[in-house]
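Next up: a single chain in structure tokens, the form predicted on its own.
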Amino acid sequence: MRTRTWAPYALIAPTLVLMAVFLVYPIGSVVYYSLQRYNVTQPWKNGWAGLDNFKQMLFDDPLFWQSLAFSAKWVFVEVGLQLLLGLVLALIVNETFIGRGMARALVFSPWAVSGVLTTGIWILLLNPSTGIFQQLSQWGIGSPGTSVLGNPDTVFDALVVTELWRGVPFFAILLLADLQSIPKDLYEAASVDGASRWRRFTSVTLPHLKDAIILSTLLRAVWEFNNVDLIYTLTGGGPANQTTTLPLYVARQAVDSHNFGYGSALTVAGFLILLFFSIAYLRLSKFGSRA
């Protein structure tokens, strides 16, 4: 009986150890350093700080609030547009037509490209000297030397388009997989009852896609909030910190300025924001319920 009691725990023990090493310990370390003054360039000031880092963040650091506001705007716009376009593409490639396999491959291909390679491609495309805008100017469209990444009025739109190219296939893949699991009998029954195409979409398709939409938007929101590689490579947070997200601000503080204490405090704040958002979103959306 004792062997049977301890056997399940012994089997999962290696997994628990790995989780403790790679998950619990890093989180605990970040929380610990968030309560410290820890800057390797100023070791004489290192020591216990208590909540001073958080007080500075909340009351004396306008860039924290600016980066947080931009992060919220970035997540809302990106996830909303990616969901809409991904759903449209999933509905299109779910239909039967000649060349559907090739169309699906083209739709999904950007998702297979790494983030660094994606930014490299778009840096070349948006280059003011050799990119698409230079080519358009030679055709009489626009002015030569247009830098959309250096212009405060166009930089956000340029980043949105770039990330859409990479993010839309994620929604298309997940939603297409769920679309293919919907029984055809439901559409046939709706057609017999005289339901229009729009009615079948709102009464049959969307209800079955509910959980897939909730889960995919939550995952993508977390990923977009933590997005660093694309924005850092394209703009570095500029111009004038206009495209600085909270994770990018963390990288500046911890990696560039070596202020690990304050960077850890910013990380804890971002973690708590994402945790609260995830719990609230799942509860409000009634994920997993039949209603």
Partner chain sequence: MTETLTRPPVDTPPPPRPTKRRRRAVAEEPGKPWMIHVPLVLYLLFTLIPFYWMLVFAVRPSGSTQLVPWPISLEHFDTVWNDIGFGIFFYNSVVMGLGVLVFVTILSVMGGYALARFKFRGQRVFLLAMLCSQFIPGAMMLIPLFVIFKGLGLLNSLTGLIIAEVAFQLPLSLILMSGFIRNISVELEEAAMVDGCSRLRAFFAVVLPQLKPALVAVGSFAFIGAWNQFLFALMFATKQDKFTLPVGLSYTLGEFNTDFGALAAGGVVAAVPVVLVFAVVQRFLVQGLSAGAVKG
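Positions refer to the first chain, counted from 1. We call the rigid core whatever largest set of C-alpha positions still superposes within 1.5 Å between the two forms. Here the structure is a predicted model, which is why all the values come from computation and not from measurement.
Separately, the form predicted together with its partner chain exists; it is not shown, and the next lines address it.
Its partner chain in the predicted complex comes within 4.5 Å of a heavy atom belonging to Asp229. In the predicted complex, no heavy atom of Ser143 sits within 4.5 Å of its partner chain. Though the partner is left out of this view, Phe70 does not reach within 4.5 Å of its partner chain in the predicted complex, counting heavy atoms only.
Remark: Ala49 does not count among the residues lining its partner chain in the predicted complex, judged by a heavy atom distance of 4.5 Å or less.
Every residue of the trio Leu106, Ile123 and Ala212 has some heavy atom no more than 4.5 Å from its partner chain in the predicted complex.
Stretch 261 to 269 is the contacting one of 41 to 49, 55 to 63, 261 to 269, 236 to 244, since its residues have non-hydrogen atoms within 4.5 Å of its partner chain in the predicted complex. Contacts of stretch 81 to 117 with its partner chain in the predicted complex, defined by any heavy atom lying within 4.5 Å, are made by Leu89, Ile92, Val93, Asn94, Glu95, Thr96, Phe97, Arg100, Gly101, Ala103, Arg104, Ala105, Leu106, Val107, Phe108, Ser109, Pro110, Trp111, Ala112, Val113, Ser114, Val116, Leu117, listed in sequence order.
Leu136 shows a C-alpha shift of 2 Å or greater between this form and the one not shown [criterion: core-superposed Cα displacement of 2 Å]. Core-superposed comparison between this form and the one not shown: the CA of Leu275 stays below a 2 Å shift.
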